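Okay, here we've got a single chain as structure tokens, the form predicted on its own, with questions on binding and movement later.
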Amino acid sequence: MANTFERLIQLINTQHHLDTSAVTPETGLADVGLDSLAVAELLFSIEEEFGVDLGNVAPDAVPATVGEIVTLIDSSRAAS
């Protein structure tokens, strides 16, 4: 079974058709090619894919890196 990082990268590939071959947890979302609208779309897709509720993420607390999204997913899954 793929871990959270691997599943997230697969989701970004599927949804946004971006080259994620060099993405690491430290890679910024803008560096992946995701603008603010794409990040919002990705967060909605994450809710469906991972079965988590990210509705409580404040606009000024939106993750900036891939690793921060992984942490957000894992912490949301642990809390539910």
Partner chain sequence: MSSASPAAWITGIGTIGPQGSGWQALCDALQQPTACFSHVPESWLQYPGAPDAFIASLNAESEQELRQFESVSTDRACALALRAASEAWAQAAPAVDPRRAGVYWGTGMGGLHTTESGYHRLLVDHAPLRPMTVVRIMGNSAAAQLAIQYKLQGPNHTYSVACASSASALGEALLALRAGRIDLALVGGSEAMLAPGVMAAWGALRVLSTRKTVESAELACRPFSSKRSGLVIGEGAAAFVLESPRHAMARGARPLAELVGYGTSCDAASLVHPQTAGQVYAIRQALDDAGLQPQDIGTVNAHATGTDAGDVAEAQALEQVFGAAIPPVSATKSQHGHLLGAAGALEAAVCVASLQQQLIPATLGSEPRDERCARLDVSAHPRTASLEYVLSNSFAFGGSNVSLIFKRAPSSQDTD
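Residue numbers count along the first chain shown, from 1. A quick note: this is a predicted structure, and the numbers were derived from the prediction, not measured.
As for the form predicted in complex with its partner chain, it is not shown, yet the points below apply to it.
K.L.:
Can you tell me whether Glu41 touches its partner chain? I mean in the model of the complex, with a 4.5 angstroms heavy atom cut-off.
P.N.:
Flag for Glu41 set to yes.
K.L.:
Please tell me whether any heavy atom belonging to Gln15 falls inside 4.5 Å of a heavy atom of its partner chain, as the geometry stands in the model of the complex.
P.N.:
Contact check for Gln15: yes, within 4.5 Å of its partner chain in the model of the complex.
K.L.:
Examine Glu26 and determine whether its closest non-hydrogen atom to its partner chain in the model of the complex is within 4.5 angstroms.
P.N.:
Glu26 lies outside the contact set for its partner chain.
K.L.:
Taking its partner chain as it sits in the model of the complex, is Asp53 in contact with it (heavy atom to heavy atom, 4.5 Å or less)?
P.N.:
Residue-level check for Asp53: no, no contact with its partner chain.
K.L.:
For its partner chain, considered in the model of the complex: do all three of Glu68, Ser76 and Ala79 come within 4.5 Å of it, counting heavy atoms only?
P.N.:
No.
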